[in-house]
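In structure tokens, one chain follows: the form predicted on its own.
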Amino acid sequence: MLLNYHQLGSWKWFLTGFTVLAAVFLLLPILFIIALSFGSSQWLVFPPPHWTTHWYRELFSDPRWLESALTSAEIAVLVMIFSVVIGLIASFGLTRGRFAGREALRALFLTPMILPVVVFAVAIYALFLRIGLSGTLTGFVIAHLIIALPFSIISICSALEGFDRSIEDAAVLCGAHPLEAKLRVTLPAIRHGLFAAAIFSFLVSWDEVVVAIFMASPTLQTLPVRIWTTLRQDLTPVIAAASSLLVGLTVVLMLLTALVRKGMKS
């Protein structure tokens, strides 16, 4: 039965209102943290009695916070690079390969997405403790890479499945080497998938805290781990300032991803 004009209008207002409420529900904690980071109280008090940027100055003047932020950025960049490269190779095999167990292999690659993070963290910590990688930069990168790789494979596989392979075949027929055709035809065509894989891989590592807590050492801590350990010792608003920067970079990268994908489609 068709809905009349008034019923459609009512549903439109209902869906709009529900969307706004959902957005407020998701954004309110973030706005709450940002407000706390500008509060003048030395404790996490809301509403703030006065406004100040003192906690941001204290954050940027503390070498421990800066070192943790640089460590997070270094690990995230390495994870992003390895995730895109390995994800690209795996995606070609999963989308174009014809071998037994291909779907089982695809499911295996996606296992880290459905496995409870704490279970994976305990397992990887026990393994790395035995082989001497616990508390090392290499161990951090490998652990975060395992978590980020499914996001990279999903993005790149989706782009490859939407790509018309006949264009690549045409380049080969015109005399291009198969590898050259992939580099000069296929990769530019799936650049939106590669870009999404890079951004998501970076953010997965940048925001990850559970595995990082198990992998951290007194001399090697990421920014989320530093926030967590400081939160257990002191409720200083510097934590809110660091959290705001952590969330801020995530939001900026997500907006950049949306703008780039919009530009590619247009």
Partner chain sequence: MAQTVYSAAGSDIAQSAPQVKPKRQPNGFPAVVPALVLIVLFFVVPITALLVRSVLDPKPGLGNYAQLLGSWTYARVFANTFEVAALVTILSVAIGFPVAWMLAIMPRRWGAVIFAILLLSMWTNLLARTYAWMVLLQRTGPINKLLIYLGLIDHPLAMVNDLTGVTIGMTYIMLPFIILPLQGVIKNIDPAILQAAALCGANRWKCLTRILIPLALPGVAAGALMVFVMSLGYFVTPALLGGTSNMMLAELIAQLVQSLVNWGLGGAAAFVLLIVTLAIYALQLRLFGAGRLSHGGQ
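Residue numbers count along the first chain shown, from 1. The shown structure was predicted, so the numbers you read here are calculated from the model rather than taken from an experiment.
Another form exists, predicted together with its partner chain; not displayed. Remarks below refer to it.
Each of 38, 185 and 190 having a non-hydrogen atom within 4.5 Å of its partner chain in the predicted bound form: is that the case here?
Not one of the three qualifies.
So in the predicted bound form, does residue 97 come within 4.5 Å of its partner chain, heavy atom to heavy atom?
Residue 97: yes, in contact with its partner chain in the predicted bound form.
Given that the partner is absent here, does residue 135 sit within 4.5 Å of its partner chain in the predicted bound form, heavy atoms only?
Close contact is absent here: in the predicted bound form, residue 135 is far from its partner chain, nothing within 4.5 Å, heavy atoms only.
Residue 180 near its partner chain in the predicted bound form, any heavy atom under 4.5 Å?
Residue 180 lies outside the contact set for its partner chain.
Against its partner chain in the predicted bound form, would residue 69 count as a contact residue? Criterion: heavy atoms within 4.5 Å.
No.
Output the sequence-ordered list of residues from 72 to 105 with at least one heavy atom within 4.5 Å of its partner chain in the predicted bound form.
The stretch touches the partner through 86, 89, 90, 93, 94, 97, 98, 99, 102, 103, 105.
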